[in-house]
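One chain comes next, on its own, written as structure tokens: the form predicted on its own.
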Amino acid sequence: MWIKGMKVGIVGGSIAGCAAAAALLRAGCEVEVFERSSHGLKDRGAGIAIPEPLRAALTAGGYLPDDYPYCETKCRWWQFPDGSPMGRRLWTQPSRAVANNWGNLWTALRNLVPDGSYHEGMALDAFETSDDAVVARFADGTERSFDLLVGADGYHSAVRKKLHPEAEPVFADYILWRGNYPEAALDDRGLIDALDRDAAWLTVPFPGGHSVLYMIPDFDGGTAVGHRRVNWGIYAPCPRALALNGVESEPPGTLSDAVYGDLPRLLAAHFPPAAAALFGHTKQDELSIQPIYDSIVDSYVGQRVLLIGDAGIMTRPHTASGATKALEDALAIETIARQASDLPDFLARYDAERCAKAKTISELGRRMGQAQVVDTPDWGKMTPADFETWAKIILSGDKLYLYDEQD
């Protein structure tokens, strides 16, 4: 087989990089992963969702262990303040998904990469391609030669920047407040228990934004009631006091009093009390802010180079497809590597399949952001029939598992 024994360097060692490494190892390649962080990644506890059929495929394919922990959701509650503790239900939206702890998902994939092939503290400085090889140079002066270089280095991607220097991320003019905490820390479980009865996740819409809240496994894999984590996000205008520094997120412990002050005011003005208490439980020094950007490229490949996950096309989180896209890219790498006749054929097939799908998801994310943040309807007047029509307009014929489209 043409790919067997091919030497592959993977830039980026998070979910996309480890999934790509696993796929290429299965295809018979010799793989090395280079992660710029020196502090490990397993303590990242944000929630991410993927479709249930994808989780099943990853488990059947050996990418995830049979006992991999996750929390299943079946529907989405849209709750609106009406003076009652929990608010008024606007819509119960069919919305099946598998909720993951980022750290648990990464750990499962990292376990598939031999320790000797995973290098921390290795930031890519530059690379050059030729007909025979691609040479990567790292910040510590190390230089390595490969048959193929995989850019799995996320939205910061140095590989994408080299392939597409014109593809600058575009700010969407709003941000995402993020938080999560142990479920056991809650005193009032009323709303959480109600959501659990329907296997539901929560959205509170308001003028100029909306929120999401759902349960994820704890770092120890706990998925039983009382042993999970509460994970949430709120899409809203950027706080006036926040000076953004490019696409960089504001990590926990960095938010000033002036920036943080926007959040309790937002909760008090637009959230039912029970929901406001759940979102407001996160302390100021535990909050983070993610500015929302997207970026489009016309190709996922170059000479002996390919992109995977957010290193390719950046999509807005509304689609809950960042990890999904990376994992599907990795599955495609394994499948196409076994089918292609040589490296050029492999790159051409991968590009045709994955770049086009990512463009579709990115455009859908923009439509969702426009409808759910930038140009929101009069939420309180929406009926279930109105919501269904609104959702179909957003989809415009595309499919997304969050809207109960599982294909």
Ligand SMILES: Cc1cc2nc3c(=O)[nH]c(=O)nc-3n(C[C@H](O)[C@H](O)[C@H](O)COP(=O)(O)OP(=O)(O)OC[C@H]3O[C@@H](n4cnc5c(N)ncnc54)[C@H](O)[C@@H]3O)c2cc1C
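For every residue, the number given is its place in the sequence shown, counted from 1. What you see is a predicted model, and the numbers here were worked out from it, not measured in a lab.
FYI, the form predicted together with the ligand isn't displayed, but the following is about it.
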Contacting member of 172, 191, 323, 202, with respect to the ligand in the predicted bound form [4.5 Å, heavy atom]: 323
Selected contact from 71, 230, 301, 122, since only one has a non-hydrogen atom within 4.5 angstroms of the ligand in the predicted bound form: 122
4.5 Å heavy atom contact, residue 374 and the ligand in the predicted bound form: no
In the predicted bound form, residue 48 touching the ligand (heavy atom, 4.5 Å): yes
Heavy atom of residue 290 within 4.5 Å of the ligand in the predicted bound form: yes
4.5 Å heavy atom contact, residue 310 and the ligand in the predicted bound form: yes
Segment that reaches the ligand in the predicted bound form - one of 74-82, 146-154, 270-278, 222-230, heavy atoms within 4.5 Å: 146-154
In the predicted bound form, residues of 20-39 near the ligand [heavy atom within 4.5 Å]: 34, 35, 36, 37
